[in-house]
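Here's a solo chain for you in structure tokens, the form predicted alone.
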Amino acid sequence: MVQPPSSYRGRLAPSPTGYLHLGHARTFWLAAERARAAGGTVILRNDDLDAARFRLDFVDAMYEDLRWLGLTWSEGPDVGGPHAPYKQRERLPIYRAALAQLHAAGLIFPCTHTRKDVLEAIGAPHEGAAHDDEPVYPASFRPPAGAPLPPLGDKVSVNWRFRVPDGEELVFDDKRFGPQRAVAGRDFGDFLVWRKDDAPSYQLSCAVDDAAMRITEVVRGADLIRSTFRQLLLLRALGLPAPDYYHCPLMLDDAGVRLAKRHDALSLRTLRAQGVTPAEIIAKFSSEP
């Protein structure tokens, strides 16, 4: 009997702002494994919106390193597919249409306050934990509900934030960590959807692309769980379906610090130069809980 094709669609979404390290590799390997186990499809999306850190040589290295690890994909910037383009830089009109939809619904507002302003208003330190995520935006900084909004303009030159529904508890069932809960306005506040340099935020671009590319499960690091609540709000506001989520435990270095692209000694490029094989790396991933 011929089995019907799986509707599972997973994605790899690397950002070409540095060389991929072991933490990225484990997340992407796990995403590919979950798609394979479900008999589904893997999509590669180039999340290349970070203009300050984007480099073309990182893009070439990204493809090379992922293929060296043994990962493949059915859709992507280099192979095409029905949901092209797969480079976020080429999808700006799609994000702008979503922004216009939020604007028309009165769900966003312009913001001229800096991150320093926000941190000072809430009495938070300028470094440390608050640096890793958007601080909770003070409600006193918001314009009154229902206040007329200025037009977006052809070129956006001010930050725009999404107004969260204060006090609403949001819940989703994470496929790795189980039920997750957060209260809007307490655990996270009004968040950026468009930046004053006329570029979409990670929250908006990611949510819009996951829906447009019909992703059924997002596999990513546990540091992005709070982002998931924000993206669920955006998907609901835009009338788009939400995928399932599987958040991976983060990989740490010997000092207990989360791996980042500054960990060049643990990049796939460096490990390969040292003679480490893909099989050895994957065996390490397979042995972890």
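All residue numbers refer to positions in the sequence shown, first residue = 1. Note that the structure is a prediction, hence the values are computed from the model and not measured.
There is another form of this protein, the form predicted in complex with a small molecule, and it is not shown here; the text below is about that form.
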Exercise. What is the one choice in Leu238, Leu224, Leu232, Ala38 with a heavy atom within 4.5 Å of the small molecule in the predicted complex?
Worked result: Leu224
Exercise. Which pick from Ala98, Val164, Cys206, Ile215 sits with a heavy atom within 4.5 Å of the small molecule in the predicted complex?
Worked result: Cys206
For this session: For the three residues Arg26, Trp68 and Ser267, verify that every one has a non-hydrogen atom within 4.5 Å of the small molecule in the predicted complex; reply yes or no.
Result: no
For this session: Answer yes if any heavy atom of Phe172 is within 4.5 Å of a heavy atom of the small molecule in the predicted complex; otherwise answer no.
Result: no
For this session: Using the partner position in the predicted complex, report whether Gly10 sits within 4.5 Å of the small molecule, counting heavy atoms only.
Result: no
For this session: Answer with yes or no whether Phe109 is in contact with the small molecule in the predicted complex, where contact means some heavy atom within 4.5 Å.
Result: no
Exercise. Does at least one non-hydrogen atom of Phe141 fall within 4.5 angstroms of the small molecule in the predicted complex?
Worked result: no
